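In structure tokens, one chain follows: the form predicted on its own.
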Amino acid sequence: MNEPRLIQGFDFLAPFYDVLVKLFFGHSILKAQTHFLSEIKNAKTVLIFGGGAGRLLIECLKINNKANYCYVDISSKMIKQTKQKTRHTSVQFIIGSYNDIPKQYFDIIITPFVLDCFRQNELTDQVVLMLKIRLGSNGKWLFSDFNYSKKSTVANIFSRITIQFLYFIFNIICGLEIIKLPDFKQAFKQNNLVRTKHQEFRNELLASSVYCNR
């Protein structure tokens, strides 16, 4: 992955990121991201990794505005957009990736449609491992991302075409150099994380799960 190009690509997308998401998916992406958000109600520390342009943080603050939030994103312009929308004092903004996450434990970790930006080996051996280390012993990990549908042959084909198209676009703009979704379930399993809740949306194209330490 070419990180400078990745940053440049997401910086380019930042001003109209929310508009594009809504244009292609309506409210489905936000619905998937927020489906299990009630889990943060009593949390004292929340990490949002790859939060994008801020829509998710707004929803988090509606549920729990007393928690200390850590908001990590690789794009400075995505973070700028988020700051303009929230202006909340209990949010620590960090421009960076998983290696830049503070060395502390979090009651809640949220990864909203960001783990698809990593190849399988990096996801399993570095990203999920690093985030697991930051998850408190009784913490919960709220995961949402794209999913290859198994509902029917037509739904499966549609999900694969959609995901392939999105990778094509993001490969051009951001230089992801990825052509297929990593196996998220395997990455969590190999790091001894257990799925306790799961829900799918839009003919299983989108999925949300809650994970915790085994």
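Just count from 1 along the sequence shown to find any residue number. The model shown is predicted, which means the values in this text are computed figures rather than measured ones.
Omitted from view is the form predicted together with a small molecule, to which the following refers.
In the predicted bound form, residue 175 stays away from the small molecule, with no heavy atom inside 4.5 Å. Proximity of residue 29 to the small molecule in the predicted bound form falls within the 4.5 Å heavy atom cutoff. The small molecule in the predicted bound form is not approached by residue 93, whose heavy atoms all lie more than 4.5 angstroms from it.
The closest heavy atom approach of residue 128 to the small molecule in the predicted bound form falls outside 4.5 Å. Looking at 184-192, 155-163, 34-42, 47-55, the stretch with residues near the small molecule in the predicted bound form, meaning non-hydrogen atoms within 4.5 angstroms, turns out to be 47-55. Residues 135, 143 and 212 are none of them found to lie within 4.5 Å of the small molecule in the predicted bound form, as judged by heavy atom distances.
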